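This document starts with one chain, in the form predicted alone, laid out as structure tokens.
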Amino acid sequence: MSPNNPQVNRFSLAERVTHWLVALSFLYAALTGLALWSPRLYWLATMFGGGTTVRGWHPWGGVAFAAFFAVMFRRWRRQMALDGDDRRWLRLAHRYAVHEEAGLPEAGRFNAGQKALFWMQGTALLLLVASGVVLWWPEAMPRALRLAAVLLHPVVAVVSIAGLIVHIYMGTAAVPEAFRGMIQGWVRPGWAASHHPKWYREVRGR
């Protein structure tokens, strides 16, 4: 960061492209999955070419999501490790949600909420892939496995979608400048010092 530049580089172009590929592939898999899951949501299928098209391409949307998430996981897994400060932050996360951050442990490049979401979505992805494979080739699977997959796949998907909704809310309405970081790649120094002070000190010291 240059002292004459009122911008702090937050995410590289490669990180932003990977993040949005993960987001778009997840959104496609989620919406097409909801269309297949409930007759009341079948109208979503018309947005993606109709029922036959959705049935054929939904699994491939899941494959794309898994592939892009794997790239993101490889890049960020070490930065997403939870430490003692993160666990304390999670116990006090309600303060962050209402902008009462006094007493919260300082956050690094990612706060504990972002880290928890990362690991939750990674776990959900493994369960979705495992159950999705069973549902993709049901004729090759034992009946008990098919029944388990029919229950597990939508439940995990709903939890994962809920996590995404929270993530979108926190990154837009709750903490607006976070969205700029993922769109333009930079944030203001004041925002960085307030929301990710440990990371900001590292960046400032370079």
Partner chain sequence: MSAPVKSVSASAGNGPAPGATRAVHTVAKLIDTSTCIGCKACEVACQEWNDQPFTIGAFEGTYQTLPDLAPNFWNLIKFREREENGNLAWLMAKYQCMHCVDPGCLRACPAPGAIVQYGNGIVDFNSENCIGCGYCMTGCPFDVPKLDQKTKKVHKCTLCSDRVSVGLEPACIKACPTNCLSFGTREDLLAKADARVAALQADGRKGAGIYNPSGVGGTHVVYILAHAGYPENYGLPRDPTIPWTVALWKGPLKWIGNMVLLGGILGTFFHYVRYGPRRYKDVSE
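Model, not experiment: these values are computed from the prediction. Positions refer to the first chain, counted from 1.
Below: the form predicted together with its partner chain, not depicted.
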query = Any chance Gly190 has a heavy atom within 4.5 Å of its partner chain in the predicted complex?
reply = yes
ask   = With a 4.5 Å heavy atom cut-off, would you call Tyr42 a contact of its partner chain in the predicted complex?
value = yes
inquiry  = When the contact criterion is heavy atoms within 4.5 Å, does Leu127 count as touching its partner chain in the predicted complex?
reply    = no
task = Examine Tyr96 and determine whether its closest non-hydrogen atom to its partner chain in the predicted complex is within 4.5 angstroms.
result = yes
Contact residue in the predicted complex, chosen from Leu27, Ala174, Ala70, Val63 - any heavy atom within 4.5 Å of its partner chain = Ala174
query = If we check its partner chain in the predicted complex, which of the residues in 125-155 reach within 4.5 angstroms of it by a non-hydrogen atom?
reply = Leu135, Pro138, Glu139, Arg143, Arg146, Leu147, Val150, Leu151, Pro154, Val155
